[in-house]
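Only one chain is given next, in structure tokens, and it is the form predicted alone.
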């Protein structure tokens, strides 16, 4: 494990230096919000940001990507043969990611890399990605702790942790990928006083508390499923899908074929379980045709099904984006409480 010290100005230079060996994505303010974008000449990374509007999950799980391509032109020797579309698996660094967003990749990984099914594009991109995260006491009122996010110094999903000491950052490598990236970043040696300072860092006592989920594991699935509480929770929902598209752990997608003249692409595109078309069968039957059924499925999946299946906590890192974005004020923390306290 290596530790290095960087002044605030030197950190931007360190990120810039990584561009020699990696594609580097940094937080940049665009309009009113921050987002991760490819670091290019003239960009001004803002490492003082609190939260990006949209999570950086698209850097490993793109919002839209070409899976396969084909031709139906019978004059071509490879007509009607599906071929994998070119992909870029070159090394990349997400520089300045927050711990909860880094942890979200671990939460999603259990779906895309299993013993029975392996998504090659997810696996290769995740393996090629180094996560350099900023640890700082600046949680907002919409955020909360879960088993997959214990607070601003939760480093489980990171390759390099950058501890904010006010006038400088102390960088600590946590994995082999992190060791390699930190070696390329440069930096100064760390003093004993600086090491002692990061050991004393603790979450702010005013940080939001954990959403209650300790009793959900013991609840019977069918009892929760049949509860009348879902009518109340879903009452105001307008099925806009904002919660799912901003969520760092939602993985629903659709697969579509698009053809122009005699050339075609098979695309994978983010979708949402909140949309009526998501579960519409070719027969016309829809097992979740009602709004309440879709709302129930979203929360049961995140808070109960995932917990029961993987035993890795709930499918949530407490970033609070869904709470902020919901136009009708549906709050996942309240849903956790209702499910946790549910009695038949």
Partner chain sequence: MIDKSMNPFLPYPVKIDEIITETGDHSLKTFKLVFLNKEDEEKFTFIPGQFCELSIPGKGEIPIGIASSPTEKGYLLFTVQKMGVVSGYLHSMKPGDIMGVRGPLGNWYPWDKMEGKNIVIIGGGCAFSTLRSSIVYIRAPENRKKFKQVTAVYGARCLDLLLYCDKLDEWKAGDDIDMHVTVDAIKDEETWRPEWHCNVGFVPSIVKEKVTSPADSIVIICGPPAMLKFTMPVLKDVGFTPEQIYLSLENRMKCGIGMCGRCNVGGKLVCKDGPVFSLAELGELPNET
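Numbering follows the first chain given and starts at 1. What you see is a predicted model; the values in this text were computed from it and never measured.
One more form of this protein should be noted, the form predicted in complex with its partner chain, which is absent from this view; the next part is about it.
field: Distance check, residue 191 to its partner chain in the predicted complex, heavy atom within 4.5 Å
entry: Residue-level check for residue 191: no, no contact with its partner chain.
message: At 4.5 Å between heavy atoms, is residue 111 in contact with its partner chain in the predicted complex?
response: Residue 111: contacts its partner chain in the predicted complex.
message: in the predicted complex, does residue 287 come within 4.5 Å of its partner chain, counting heavy atoms only?
response: Residue 287: yes, in contact with its partner chain in the predicted complex.
message: Since only the chain is shown here, I'm wondering whether residue 70 would be in contact with its partner chain in the predicted complex (any heavy atom pair within 4.5 Å).
response: Yes, contact at 4.5 Å.
field: Candidate spot 8, 13 and 216, all three touching its partner chain in the predicted complex (heavy atom, 4.5 Å)
entry: Not one of the three qualifies.
- prompt: Taking the partner as it appears in the predicted complex, which of 78 to 86, 163 to 171, 146 to 154, 227 to 235 has residues with heavy atoms within 4.5 Å of its partner chain?
  reply: Stretch 78 to 86 is the one.
- prompt: Which residues from 240 to 261 come close to its partner chain in the predicted complex, meaning a heavy atom within 4.5 Å?
  reply: Heavy-atom contacts to its partner chain in the predicted complex: 251, 252, 253, 254, 255, 257, 259.
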